[in-house]
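Starting off, we have a lone chain in the form predicted alone, written out as structure tokens.
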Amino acid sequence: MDQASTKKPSAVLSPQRPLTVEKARAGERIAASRHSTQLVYSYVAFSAFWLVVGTLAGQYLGLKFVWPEIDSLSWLSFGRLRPVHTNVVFWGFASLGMIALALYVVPRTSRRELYSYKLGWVSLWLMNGSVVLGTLLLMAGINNGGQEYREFIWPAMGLFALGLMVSAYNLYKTIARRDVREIYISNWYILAAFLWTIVLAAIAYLPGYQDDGISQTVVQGYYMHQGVGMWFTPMVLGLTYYFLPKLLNKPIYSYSLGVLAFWTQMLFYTMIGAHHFVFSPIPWWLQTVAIVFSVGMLVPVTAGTGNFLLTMRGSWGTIARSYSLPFILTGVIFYALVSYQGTLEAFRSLNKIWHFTNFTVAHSHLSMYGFVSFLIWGGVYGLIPRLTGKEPPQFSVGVHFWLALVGLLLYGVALMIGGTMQGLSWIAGEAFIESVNLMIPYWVWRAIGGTMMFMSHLIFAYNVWKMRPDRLKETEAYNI
């Protein structure tokens, strides 16, 4: 036998070498009831569906910035599709995704089954009905006026608010019947988010006291920022307080930091909405209060981010071997970056450059996408395989992560640069068309980044399909 025939193949050149590094599989299978698994998965499945629908509208809008003559149909106009994009992603994808995870986390940390699975299904159909009705009305040109994120008219949003109340009651009763003395910090955030958002919806939609432009402006500033700060932010932070230590198999670094972040979030975030209307006709003192409280937001953001990163300290090998923890790490980093960026944007000196430009478009995507969406995806990939026993293809999870992250960075950086130039052009007194012309190359990069992001959503929907549960037998065990 010659020497060549006995030589071992190169590990680098071997055709058996995998294209990507193998990640650790979920391993443990959670002993959860059939009803729990079906309910949680259904919320996740609808969330993935609305993500594709909502971002398909956003993808088409991004292309229209490059090819504005692509169509001449009224129901495909920017004024109709843009609110479809934002509302479907807010109330369809992100909200249902967060509630799906909450329907698992709250019973698990309370050591009880969900109070009522029937109410869980009722809430799901109410919220889906709200998104369907609201979307059809928006496409038809029936909306609540030019009020960002509350373009749904009150009957459509009323269905969503009713679904929120049903879910809040369901989770509250679960916590009230808990088998442990303490209320875990995740449940503080989750239940508070529901209660705050029910109040927010009432303030934004009840008629009678918003009968002039100034009052509408004040309420609009409150609503659009509280939607992010008192619904999406506490929900995903509360979920992270469960999934991060669970997936790392270690306790959260500091319970006290979590409590500090919770109460300071409630204190400071409730007053910062008016920083969206700096230099507007609303009272100057109200603008100043919003700026001061925006600076105060450094406290909960630093406390929360520090708590998560200190929990991860020494566990980077575990994160590298996981396909869900990289999403959570990315979400935590973006939480800090966009929150600090938001504080800077509130200052009058920077607000006059950036506000109403494409810079704020970048900021909102870095926030809702880099922060909220990545934490939702991390929770979904961390939970669903353990519930259903079905692993997603690891390669497609990796493709989802990198397409979403690189696409977001291309999208965000391009619009931040272009938006800064846009604002400076306005301040210099140049003709408006000049700011449009200088944005053209940045809108091309927006379309490229947006395309990558949309492709990642298709892959996420495919992964959710691959994780679908089989017909399950009822399981009595409920391990914590």
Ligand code: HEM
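Keep in mind that what you see is a predicted model, and the values were worked out from it rather than measured. Note that residue numbering begins at 1 and tracks the sequence as displayed.
Not pictured, yet referred to below: the form predicted in complex with ligand HEM.
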Among 313-321, 381-389, 158-166, 268-276, the region lying within 4.5 Å of ligand HEM in the predicted bound form by heavy atom distance: 268-276
Wondering, does Glu113 line up within 4.5 Å of ligand HEM in the predicted bound form on heavy atoms? no
State yes or no: in the predicted bound form, is some non-hydrogen atom of Tyr442 no more than 4.5 angstroms from a non-hydrogen atom of ligand HEM? no
With the partner left out of view, is Phe78 within 4.5 angstroms of ligand HEM in the predicted bound form by any non-hydrogen atom? yes
May I ask you to state whether Gly58 is within 4.5 Å of ligand HEM in the predicted bound form, using heavy atom distances? yes
Exactly one of Arg150, Arg108, His400, His355 has a non-hydrogen atom within 4.5 Å of ligand HEM in the predicted bound form; which residue is it? His355
Within 4.5 Å of ligand HEM in the predicted bound form, counting any non-hydrogen atom, which residues from 364-402 show up? Ser364, His365, Ser367, Met368, Tyr369, Phe371, Val372, Ser373
